[in-house]
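Listed next as structure tokens is one chain, alone, in the form predicted alone.
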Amino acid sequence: MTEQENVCETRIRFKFYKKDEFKYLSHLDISRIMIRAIRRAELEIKYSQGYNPKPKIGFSPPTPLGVESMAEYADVLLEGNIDERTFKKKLNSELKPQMLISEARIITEKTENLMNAAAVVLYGFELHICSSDNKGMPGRFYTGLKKDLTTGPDFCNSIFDLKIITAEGSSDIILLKLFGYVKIFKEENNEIFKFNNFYGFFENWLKKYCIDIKNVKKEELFVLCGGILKTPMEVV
């Protein structure tokens, strides 16, 4: 009998962003760019067995086209031993400034894949008040928002939570933090948050308040762990 070799491998979860013109790349484009960068960085990615081997890398749910994201995640299985710092440095050297790794951690325990684990996504809307008379506008806006979006039939079951923040140093900017469901929870009457449907409705709805959408980005993704929302990095 021949002694079987002890093959060492490292599973890493990493967080990255895509911004500027990269926000228009599809989920498939992003995955291809990342896999090619891993190869150029001379990081040996493991492949599945069979007639059509695939790289062992899994991504979090897609971000809508045209939306900047500061919270893209991926899990990758690599040959050999490598620490998080080396992985991040090597991979970032092969990526463009519009898409870089912001954090990486070695996965030491069994974790659910990112596509299935994703529970809630946080979008940040930067809103500009066009009217010169904006006294009390945040309060009126929030009251209307809570009434029409969280009790109406269109989006009330897809929104987990929302918050209004007045931007520091600017009286004409409102920040909306919207938490939308990514998956269905059987114990709750919820629906998947459909960003494009919401955006079209919201953009038109804002006209009665003379408010424009100045910018929007995906700020974070959360998984549910023991009934508590945590980032994917907090559970590895």
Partner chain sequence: MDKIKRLDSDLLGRLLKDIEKPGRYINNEIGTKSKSPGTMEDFQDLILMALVFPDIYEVGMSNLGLQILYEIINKHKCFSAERVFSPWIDFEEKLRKEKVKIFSLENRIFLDSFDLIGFTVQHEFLYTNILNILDMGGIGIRAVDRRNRFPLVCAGGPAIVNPQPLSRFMDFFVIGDGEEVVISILQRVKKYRENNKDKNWFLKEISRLDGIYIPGFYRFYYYPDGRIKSIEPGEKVKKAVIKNLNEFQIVQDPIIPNIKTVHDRFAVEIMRGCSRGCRFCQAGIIYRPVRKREVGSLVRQCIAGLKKTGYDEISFLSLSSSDYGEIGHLLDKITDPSKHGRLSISMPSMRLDSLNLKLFELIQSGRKTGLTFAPEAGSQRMRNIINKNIEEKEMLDCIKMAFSSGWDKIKLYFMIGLPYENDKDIHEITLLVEKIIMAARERLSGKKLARLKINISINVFCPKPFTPFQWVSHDNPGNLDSKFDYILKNVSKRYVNINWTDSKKSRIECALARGNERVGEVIESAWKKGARFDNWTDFFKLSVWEEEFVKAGLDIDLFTRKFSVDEILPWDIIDIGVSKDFLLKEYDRARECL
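All values reported here derive from a predicted model rather than from experimental measurement. Numbering follows the first chain given and starts at 1.
Keep in mind that the form predicted in complex with the partner chain is missing from the display, and what follows is about it.
For the three residues R39, P53 and E94, a heavy atom within 4.5 Å of the partner chain turns up in the predicted complex in every case.
With the partner omitted from this view, the residue of S102, Q98, N157, T111 that lies near the partner chain in the predicted complex is Q98 [heavy atom within 4.5 Å]. Just one listed stretch, out of 204-212, 56-64, 23-31, 172-180, contacts the partner chain in the predicted complex at the 4.5 Å heavy atom level, and that stretch is 23-31. Under a 4.5 angstroms non-hydrogen atom cutoff, the partner chain in the predicted complex has I45 among its neighbouring residues. When contacts are judged by a 4.5 Å heavy atom cut-off, E84 does not count as touching the partner chain in the predicted complex.
Contact annotation for D148: none of its heavy atoms lies within 4.5 Å of the partner chain in the predicted complex.
At the 4.5 Å threshold, heavy atoms of E126 stay clear of the partner chain in the predicted complex, well away from it.
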